[in-house]
Structure formats: C-alpha cells, structure tokens
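Below you'll find only one chain, the form predicted on its own, shown as structure tokens.
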Amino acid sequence: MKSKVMAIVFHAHGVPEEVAHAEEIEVAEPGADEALVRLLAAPINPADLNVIEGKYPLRPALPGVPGVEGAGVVEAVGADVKNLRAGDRVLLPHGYGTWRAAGVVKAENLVPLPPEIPAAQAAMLRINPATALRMLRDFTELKPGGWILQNAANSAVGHAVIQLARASGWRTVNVVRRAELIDELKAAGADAVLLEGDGLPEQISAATGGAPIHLALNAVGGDSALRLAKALAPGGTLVTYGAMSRQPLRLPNGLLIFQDLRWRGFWISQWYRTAPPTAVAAMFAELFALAQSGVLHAPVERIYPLAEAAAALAHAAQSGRAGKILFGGEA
C-alpha cells in the first residue's frame, strides 16, 4: 500500500527558490531488504543548490528530490532486515534525495547513529566534516604542531578543518574575505585568521613565524588559490575541493619546477564510490566519536519545515549567515 508524504521537488533547472517546491510524492511499503525512514533533519549545502541550478556534475533525473545528506528515524523494516529496527536513528545515503518527509531505502545503505548526537548535527556529518577529515589525512603526513593553510575558512568545511586540526595538534592559517569573521574563527579555535588580498603570502609567513606549510586547502580558485600556493613549502600540496570564485586555477611554471608543488583535487562523492566499505565504516565511527565528544559541532542558523521550501532556499543562498540552514522533518 502506498501513502503520500511531502517532499521538495524540482521539475527543471533554475534558481532554486523558483524551481523547487514542496509537493506530495508517493511512498511505498518497504520491501524485504528495505526500511521506511522518516526525516529528522537535512541541511542545504552549496552542492544541493548547484544541483538544482544544473551546475553540478551529478544531475538526477527530473523531476527530482534534492538533498545529499541527512538523518532520519526508521519507521518500519522489511522481513529480511536484521541490523535495524523501528526507532533506530540513521544517517541517510548518497543518491537518496533527503529533502522528503519519508522514503524507502535499502537497509544496507543506512548507517546507524549513536543516540547521543543531536539530529541536526548528525545530519551534517556525511559531507563537510568527512571532506575535512579526508583532506587532512590522505594527501600529506602532518606532524604535531604543523601548519595547515586554507581559504574560505568560514565555510562548513573550513570550520571542520579548524576543529579537527585543533583536536589533532595541528595549527591553522585561515583566509577569509570579511574582517568581521576574524574574531569568530579565532573563538572557534583558529590559530591565525587573515584577510584575502595582495601580500597574503608574506602575512602568512609572519603569522607562522616562517614555519613551513605543507598542506593548503582551496575552495575558491583563481587568485586566492595562487596566493595559497605561493605560501607553501617546497614539495607542498594544494588540494582543491571547491571553486567559489568560478575562476580557473593558474599553475605558474616556476612553482611547479622550482618548488615542486603538488596540485590535487578532492570530491567526497568520488571517495565514497571508491573507498572500501571498511574504510567508510571506520571514518563514520571516528566522525561519530568526534561529534559525541563535542570536537565537531556545526553552527545552525535556522531549521525550516519542508513546506517553506522557497524561504529556506533563499535563506541558504545568502552570504553572511551565522550557520547552516536545514530542513526539519515533520513532527
């Protein structure tokens, strides 16, 4: 038997708040290996907005339900499901489309959540903290007390980098575009916060006392990425995971030849596709422990019901927010 629930659906690409609307969709009973999951919370990430705009590499078939991550609670399970039961809270999978009040999911794709993690915080662990953790771990060996450099430091990934680095005994130089963010990031644990602009490599050197920096994380591109590269030590690595400026990277021959810099890219969706299941499980266990201990905590500005899709999407697109915008499940 099928029932109807509310979801955010877009039938064409365009401005998110104009083309994505709340409407009813059908939900079937779970099959033998499936679970019916009710939404608790789902964030609005920049990638979600890009998907609706048609600017993201992954394009779901239309009409589509956006939402790349979220947390839910199991309402019912199929006859063959042994690892979950009604009432369990779970992390929702990639490709599901989390902006729906409820849906049916293969049980094997659901990750059980510790009950101590608040739903809103759990809903934001799959993408941004995971991206931060993998970039800090997978590209170079960071020694205790070592420095990490990043732009877009006030982003969700940037906040996670600061939190994870501090917990691991590493120090961060954080580059932002607005002066009012300096005190905010220092209060969050940033060791140094600098403003974008000419002369940034020299300011970075002064902030670190001339210490070598072997890892830089770039979410902006263009001139901002070049400034990070110029501040790296010989043999350092610049990892690009975003392109907020929509400007291409410029790779000066001298930095490659004489500094032997490494230029790498990272996309968490690709990591999930290629990582062994044991590696994914181990990462989630670590992220859950960090969230439970309070090391990982993402600020939330507002939680909207699904019925207020246009307001939520417009709010999420605004700059200068103090935290994430999320959809909350219906009570």
Ligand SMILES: NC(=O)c1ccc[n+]([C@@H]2O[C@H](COP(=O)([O-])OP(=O)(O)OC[C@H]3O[C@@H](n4cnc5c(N)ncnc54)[C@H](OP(=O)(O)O)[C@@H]3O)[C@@H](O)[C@H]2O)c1
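If you're wondering where the values come from, they're calculated on a predicted model, not measured in any experiment. For every residue, the number given is its place in the sequence shown, counted from 1.
Separately, the form predicted in complex with this ligand exists; it is not shown, and the next lines address it.
- In the predicted complex, no heavy atom of residue 233 sits within 4.5 Å of this ligand.
- The closest non-hydrogen atom of residue 245 lies within 4.5 Å of this ligand in the predicted complex.
- Within this chain, residue 21 is remote from the site of this ligand in the predicted complex, having no heavy atom within 4.5 Å.
- Although the partner is absent from this view, residue 47 contacts this ligand in the predicted complex, with a non-hydrogen atom inside 4.5 angstroms.
- Shown without its partner, this chain lists 85, 250, 143, 178 as candidates; in the predicted complex, only 178 has a non-hydrogen atom within 4.5 angstroms of this ligand.
- The single contact residue among 219, 194, 120, 110, judged by any heavy atom lying within 4.5 Å of this ligand in the predicted complex, is 219.
- Partner proximity in the predicted complex, defined as non-hydrogen atoms within 4.5 angstroms of this ligand, places exactly one of 301-309, 26-34, 57-65, 266-274 at the interface: 266-274.
- Along 138-159, residues 152, 154, 155, 156, 157 each place a heavy atom within 4.5 Å of this ligand in the predicted complex.
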